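Listed next as structure tokens is one chain, alone, in the form predicted on its own.
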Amino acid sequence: MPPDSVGRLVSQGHAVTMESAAGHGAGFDDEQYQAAGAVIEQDRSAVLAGSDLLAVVNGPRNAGDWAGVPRGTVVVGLLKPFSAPVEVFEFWASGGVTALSMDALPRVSRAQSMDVLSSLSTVIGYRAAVVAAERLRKFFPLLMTAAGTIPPARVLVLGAGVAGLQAIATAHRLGAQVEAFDTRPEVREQVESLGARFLTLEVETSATQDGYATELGEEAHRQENERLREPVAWADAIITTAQIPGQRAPILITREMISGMKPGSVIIDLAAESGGNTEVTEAGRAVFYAGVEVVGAQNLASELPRDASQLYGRNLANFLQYLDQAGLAWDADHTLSLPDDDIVNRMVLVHAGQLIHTGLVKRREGGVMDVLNR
């Protein structure tokens, strides 16, 4: 959270404590937070034990990391109900902690100022195009030199959500020749407005209430792979963004399709954490297959920490203000009362000793999502 957002919370009457050096990676020092009215605490355990509400980026990776969080505490952050360890949430439930996940925020118009996923997808899409330009062994733009003309790189973006649209815009600004595909025909106008050519492959699907593409049937998925074969072979760089919340990412590019690409081409797979959009993707690694580099991108937003933090922190501050106005409250013995609000209800993962979110419940029961996650 940037210092200006902390200052806003302080001006609204909240007491804000920051863990010392929490902002250093994003270029914010303790003195800036103190000037904004925050108290700096050197000991993390003291922050955990002394707060009504803990605002974080990601939650702990194991239950023991946050053993000092008292009953009645609210944890708000990108808590990843479909992939974070279920044991952490069970530990919180047993300790009377309430968890609200910013990545479960419904994508409705009145929640736009709190929409963390859109903010971070903007950062990720931009960074993906830059990484593709860095990894590709040729120029992105058309260059006319005394030694001859160098044609522009051909970039294919699969998926035209927020990340895909930002990747399209950035690749176009860098001078590449850009094509894009999405199963939702309604995004065609947005793609073309950014300077890319929209591929019409006669494979369509609808969108969920939160704007994600729904899953294709088996035959439609086969047709999609077949019709993408030629555009994939044509591309110098590909950026894939297709994900379905709570499910394995769809395979858009097979090994056979990669083998048909030009050696030295690059694929940046933004769906790596949920299994990847290619058959060879490995999360957090760059692998070579048939001379093509496939980058299993993870947490690209952290590579632009200042602006990612500015956006995320402001979304988070807006949500905390919304919670306050909606009626978040504790009684005399620190028992929490959550507001009955449709936005807040969608974000609750753990409350009153129970796992609430469907993804957590299914994973605890050994459902398909847990199997895919492993």
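Just count from 1 along the sequence shown to find any residue number. Take the two forms, find the largest set of C-alpha atoms that superpose within 1.5 Å, and that set is the rigid core. Predicted, not measured: the structure shown is a model, and the values here were computed from it.
The form predicted in complex with another copy of the chain is left out here; the points below concern that form.
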Tell me which of 73 to 81, 227 to 235, 248 to 256, 130 to 138 has residues with heavy atoms within 4.5 angstroms of another copy of the chain in the model of the complex? 130 to 138
Are all three of 119, 175 and 310 close to another copy of the chain in the model of the complex, meaning a heavy atom of each within 4.5 Å? yes
With the cut-off set at 4.5 Å between non-hydrogen atoms, does residue 51 touch another copy of the chain in the model of the complex? no
Is residue 304 close enough to another copy of the chain in the model of the complex to count, meaning some heavy atom within 4.5 Å? yes
Although the partner isn't part of this model, could you tell me whether residue 99 comes within 4.5 Å of another copy of the chain in the model of the complex, counting any heavy atom of the residue? no
Residue 123 within 4.5 Å of another copy of the chain in the model of the complex, heavy atoms: yes
Counting any non-hydrogen atom inside 4.5 Å, which residue from 112, 223, 94, 298 sits next to another copy of the chain in the model of the complex? 112
Contact check, 309 to 343 vs another copy of the chain in the model of the complex, heavy atom within 4.5 Å, ordered by sequence, gives 310, 311, 314, 315, 318
Does superposing the core leave residue 143 with a CA shift of 2 Å or more between this form and the one not shown? yes
